[in-house]
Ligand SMILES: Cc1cc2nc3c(=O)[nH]c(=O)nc-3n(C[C@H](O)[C@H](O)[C@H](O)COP(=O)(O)O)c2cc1C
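Heads up, the chain below is alone and in the form predicted alone; it's given as structure tokens.
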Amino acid sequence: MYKSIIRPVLDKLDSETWHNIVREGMHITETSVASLKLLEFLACSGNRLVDEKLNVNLSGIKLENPLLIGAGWDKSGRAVKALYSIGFAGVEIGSVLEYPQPGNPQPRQFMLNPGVCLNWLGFNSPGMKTVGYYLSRYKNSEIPLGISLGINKYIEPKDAPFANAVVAEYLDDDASYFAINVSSPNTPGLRKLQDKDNLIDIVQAVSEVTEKPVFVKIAPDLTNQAVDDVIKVVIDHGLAGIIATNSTNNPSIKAKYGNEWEKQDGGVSGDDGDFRMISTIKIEHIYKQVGDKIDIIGVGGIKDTETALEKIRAGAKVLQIVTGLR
């Protein structure tokens, strides 16, 4: 049956399609308490682990444990309660844009190896108003909710501060914290917004419309000097911390999986040792520079206890998983 029926179906669906099916399946479980309890039973052997020793305070946000779902897994905020029920302490959704955007043409997400993903989704988003509608379902849930801020691809750098701020203002009541995403490799020119002057303008605009903790998400491909510039912006403007890191567009990492991937647009994430290492090195560098003055959220290649502890030992206070759950 597997070879004749199931396998042919699997072969015709790409990883993004399967991801969407799983996410929507989790969304459906939220329609009843019974289905959520069944999901919790299947994921946690009947009991969601609650241990005070695992509690973390992230910039004033109380978390049951240090593990969050990172931005990109649930871009629209459709499965927050389901993800929480299987043991995550909270969910960061998005990136959320002001206006709906379809993203890049499909196929645009590829599994290069088991656990290793290359995507050039291109900030696909239903827009802030639709996301706000979805999130209204969770207003009384008390589930910690991060919102990753992004910009539509046609936005000029000079307009990026307003584009980020308008989303933060619109979704402020839904958010526990915000993450300024200036590090996706899939929107042309976006990573230039990590430059100090551009970032200052965005940070100031967002800070004017929210009192929630604000983080900046950086790329693993930044030089240490560029990271130091981000650190200075974060400290000087009283932000909560840094999320390190986004996916990598390093050609040599892509080439390991075949020459055809070397010049392919997009970022690599997941269970690649080199990617995990450069992400951890960035966390280590940030912590050496500032210690506990800011909070570091570590993400990049986390797949098990060992790789999670690697990030924590480097200086991360909280962890995010994205590709590890695909």
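Being a predicted model, the structure only gives us computed values, none of them experimental. Note that residue numbering begins at 1 and tracks the sequence as displayed.
Note that the form predicted in complex with the named molecule isn't included here; everything after this is about it.
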The single option of S207, N104, Q109, N198 touching the named molecule in the predicted complex, heavy atom within 4.5 Å: Q109
From G77, G90, G241, G72: within 4.5 Å of the named molecule in the predicted complex by heavy atoms is G72
Close approach of A168 to the named molecule in the predicted complex, 4.5 Å, heavy atom: no
Do V322 and the named molecule share at least one heavy atom pair within 4.5 Å in the predicted complex? yes
Mark I297 yes when one of its heavy atoms lies within 4.5 Å of a heavy atom of the named molecule in the predicted complex, and no otherwise. no
Answer for I155 alone: is it within 4.5 Å of the named molecule in the predicted complex, judged on heavy atom distances? no
At 4.5 Å between heavy atoms, only one of the stretches 231-239, 78-86, 179-187, 251-259 reaches the named molecule in the predicted complex; which one is it? 179-187
Any residue of 97-125 with a heavy atom within 4.5 Å of the named molecule in the predicted complex counts; write them all down in order. Q109, C117, N119, L121, F123
